[in-house]
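A lone chain, given as structure tokens: the form predicted alone.
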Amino acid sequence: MYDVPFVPSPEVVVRRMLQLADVRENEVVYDLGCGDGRVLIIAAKEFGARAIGIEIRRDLYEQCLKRIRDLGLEGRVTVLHGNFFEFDLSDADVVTLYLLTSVNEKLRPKLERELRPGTRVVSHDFEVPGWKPIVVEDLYEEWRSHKLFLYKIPGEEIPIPTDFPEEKYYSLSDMEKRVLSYVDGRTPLEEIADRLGLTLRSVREIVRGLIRKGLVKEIKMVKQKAS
């Protein structure tokens, strides 16, 4: 028995979910209960994302795998077989859901625990109880209406500066220097990304590189309870 029946989202709804979440190139999109893979395919083909789907039903998992292979998307799409409660979701930039309100409620503590601040969660038709959406949108498609809920994981990731020899600075790329210029122990990664017109993921990766080079001390995680 499965908690959620397989009812595929129309492609126009999928596309709008990804637009609403502002999916950008090379971001990582997780689809929980990916069914036939349509969210993964559209995220990869139209948005340039890297997509990861998790599907518990063997028949749907195999169907999804076949579609991905037929489209030549193996390099951008990964499909995992199993229960999404048992997989680590911490690498996600965006999580898409078309489950049930009761399942979303059970899933909420896992999302709050694993997802980093700034991660977007977009749910088709069913709210996440206990969370306040930042956007609620009605979408009309052929014979029925759909409701989309967009959430963002609250909190901040703040890079902490450190002292370093001046000669290390001159070996950096221009973008590393620009990112480093905002590292003051107060400015969060998301704000740096907005100022530089970059994705949060790309800024996070640059800062991690600066940590390895000894030019940034750490990234301090300041989590807030979702409301």
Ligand SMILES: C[S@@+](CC[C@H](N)C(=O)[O-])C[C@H]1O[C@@H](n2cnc3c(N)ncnc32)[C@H](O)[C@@H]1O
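What you see is a predicted model; the values in this text were computed from it and never measured. Don't overthink the numbering: it's just position in the shown sequence, from 1.
FYI, the form predicted together with this ligand isn't displayed, but the following is about it.
Novice: Check whether residue 57 has any heavy atom within 4.5 Å of a heavy atom of this ligand in the predicted complex, and answer yes or no.
Specialist: Result yes; residue 57 sits at the interface with this ligand in the predicted complex.
Novice: Does any part of residue 90 reach within 4.5 Å of this ligand in the predicted complex? Heavy atoms only, please.
Specialist: The answer is no: residue 90 has no heavy atom within 4.5 Å of this ligand.
Novice: Looking in the predicted complex, any heavy atom of residue 39 within 4.5 Å of this ligand?
Specialist: Yes, residue 39 is a contact residue.
Novice: Is residue 99 close enough to this ligand in the predicted complex to count, meaning some heavy atom within 4.5 Å?
Specialist: Residue-level check for residue 99: yes, a contact with this ligand.
Novice: Only one of 34, 29, 200, 68 comes within 4.5 Å of this ligand in the predicted complex by heavy atoms, so just point that one out.
Specialist: Among 34, 29, 200, 68, a heavy atom within 4.5 Å of this ligand in the predicted complex occurs only for 34.
Novice: Which one, 167-175, 49-57, 185-193, 154-162, holds residues whose non-hydrogen atoms are within 4.5 Å of this ligand in the predicted complex?
Specialist: One stretch meets the cut-off, namely 49-57.
Novice: Just give me the residues of 82-101, first to last, that have a heavy atom within 4.5 Å of this ligand in the predicted complex.
Specialist: 82, 83, 84, 85, 98, 99 sit within 4.5 Å of the partner.
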